[in-house]
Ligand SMILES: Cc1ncc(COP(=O)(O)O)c(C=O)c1O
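Below you'll find only one chain, the form predicted alone, shown as structure tokens.
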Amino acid sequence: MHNNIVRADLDCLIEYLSQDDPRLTNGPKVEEFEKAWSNWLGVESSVVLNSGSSANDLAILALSHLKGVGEVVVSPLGWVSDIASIIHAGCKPVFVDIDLATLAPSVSAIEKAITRETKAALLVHILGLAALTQEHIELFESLDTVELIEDVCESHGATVGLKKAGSFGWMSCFSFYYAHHLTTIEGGAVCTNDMEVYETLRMLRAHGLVREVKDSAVRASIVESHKDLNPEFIFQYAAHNMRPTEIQGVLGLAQLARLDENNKARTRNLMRFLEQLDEKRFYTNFATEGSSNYAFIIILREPDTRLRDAMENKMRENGIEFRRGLSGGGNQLRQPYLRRLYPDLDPKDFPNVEHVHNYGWYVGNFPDLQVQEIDWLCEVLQGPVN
């Protein structure tokens, strides 16, 4: 992938830094970006952070504070922080397999995993595909005690019906890492329509400080309960410092102006790519309606190790960079941190995740990728393999 930051972004940043005394730490530009991002997404509030991984951490930490510690349903296919955030908050990940069409858990898989201890399901929108269907939405609307948390770090702008992914859940997480649809170099956000969640997230972002609360009545109530403390230094939670910088706010605002057009280009690229793949060799039946592609998805239909190795050699020979296992290194249950924590869980009990782990890759997609480059990529992938 090419670096996502263009000359116009740098010009905006230079103009901002050229002021006599530009503020650099979290301030008005971040707040302006939070409002603009919330308007674009279609939610009430957003809390911008220093990374997408921090967004995962704060979302699950807020869940544990507001709903209690318990189980969180999640797929083993995702970035490490999806599962690490559950562990960090003292909750228990409950793993479910995926549907290959969406690369996300089906409604039936989620239903089977829910127990009296379930606090939430964390659904990851993988590589631009929408993890949610209307059935998922109806399921979570019917559940009184299980919250939906969306990870949309790789799928900015994906839609389900007329709404954007990230506007359905109790909370949603985004990453603004430099290769993503929108970048602030490093960065992330948690979005919500719940004002109690919003105020909790603001405190958790900045050491748990009560002074971060926007609602003056709520802030005054907490201060009144702790008259022995300096009102500016009341720590409601044992939290972290995950604040962004004003540089991230400036870059976010500049990038947001062209996000929709960039997403259209990414989607055009994906459709041209999938149309040329050999359906006998590759899985191509992805649920692409409403997708907002992050990277080209390549999955062999059959578990053919010889073909896999030959394809990887061919991609290397042609200078094509790839990631086997899709997001985050494939099946997280094969990673050392989960093997230590859950030695009795068998990765093979999640066959679709296992198939992607062993026979799936992604290759970069970006808005200014040329059609001849896409066509050449397809020729390399499905040409004769010895």
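Residue numbers run from 1 along the displayed sequence. The structure displayed is predicted, hence computed values, not measured ones.
This protein has a second form, the form predicted in complex with the named molecule, left out of what is shown; the following refers to that one.
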Residue (of His180, Arg202, Arg219, Arg243) lying close to the named molecule in the predicted complex, criterion heavy atoms within 4.5 Å: His180
Would you kindly say which of Ser38, Asn352, Asn26, Ser51 lies with a heavy atom within 4.5 Å of the named molecule in the predicted complex? Ser51
Consider Ser292 of the chain shown here, and say whether it contacts the named molecule in the predicted complex, taking contact as heavy atoms within 4.5 Å. no
Hey, in the predicted complex, is Trp79 touching the named molecule, heavy atoms inside 4.5 Å? yes
Using 4.5 Å between non-hydrogen atoms, is Val124 touching the named molecule in the predicted complex? yes
Non-hydrogen atom contact Ser175 with the named molecule in the predicted complex at 4.5 angstroms: yes
Taking 4.5 angstroms as the heavy atom distance cut-off, pick the stretch from 180 to 188, 295 to 303, 194 to 202, 138 to 146 that is near the named molecule in the predicted complex. 180 to 188
If you apply a 4.5 angstroms heavy atom cut-off, which residues in 210 to 239 are near the named molecule in the predicted complex? none
